[in-house]
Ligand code: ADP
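Just the one chain here, the form predicted alone, laid out as structure tokens.
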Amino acid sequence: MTILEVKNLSAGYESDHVIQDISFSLEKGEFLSILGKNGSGKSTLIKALQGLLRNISGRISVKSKDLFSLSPRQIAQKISYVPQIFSFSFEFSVTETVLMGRYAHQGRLGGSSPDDSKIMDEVMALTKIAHLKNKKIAHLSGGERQRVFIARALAQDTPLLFLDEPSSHLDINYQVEIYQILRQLQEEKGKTILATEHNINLAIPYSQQIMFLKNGGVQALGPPESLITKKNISEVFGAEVEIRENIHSKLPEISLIPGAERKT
């Protein structure tokens, strides 16, 4: 079942388009990783897919509904979003932050219902943050904070989950932990996931599809088994690499060639 369909999408800021003529679709339960150099349009694309930009054209359908015909609340009932996390100084607790994800399902008077509390407990258990519930966000480590924001997105109870560089600023243990949570969401909750990522080797084993962006356009799209090639990596990233088979996943894995001249 196609859950997200994008046709001829172009978008940007002010009068300029950062991404141009992007088309793709996602089936229920798929994981798509969007890879590209800094400035290739990854963050712009993930914002455009939520209708967050004014300078936008093309078509986006979510579960056969035209995204541009939906209200912000209706979009929030279909798409949850985890932005890049840097630093936070506000004093909301973990519980308060996770409950923010329920706003799209609450009435005008707001307030938490028994269902809200039940879902909050479930997502906090899934992301292993229940023991942090009374702590302030600003007092958590980067990995703990990222799990809290994933829990907040899960509390929205949407079929689509978007993440912008979820491994940024995290050490390798936390990076793997975040992606293992995402895989669990696929397998146990049937979530359809779209993530921008800078770590190619991290994205490969978790992705059913990979999209390479270059200069705001789709350079290549397909399964990692066919897309991770020396030619594609050279054309997209300007880097010379060796491709080998990972001994555990049996999927392709890249390594930079020391001393190789970087292309621009």
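One-based numbering along the sequence shown. Because the structure is a prediction, the values reported are computed rather than measured.
This protein has a second form, the form predicted in complex with the ligand, left out of what is shown; the following refers to that one.
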4.5 Å heavy atom contact, residue 22 and the ligand in the predicted complex: no
message: Just checking whether residue 55 would be counted as a contact of the ligand in the predicted complex - the rule being heavy atoms within 4.5 angstroms.
response: no
query: Is residue 43 a contact residue for the ligand in the predicted complex, using a 4.5 Å heavy atom cut-off?
result: yes
- request: Consider residue 18 of the chain shown here, and say whether it contacts the ligand in the predicted complex, taking contact as heavy atoms within 4.5 Å.
  value: yes
task: Quick one: find which of 31 to 39, 200 to 208, 231 to 239, 58 to 66 has residues within 4.5 Å of the ligand in the predicted complex by heavy atom distance.
output: 31 to 39
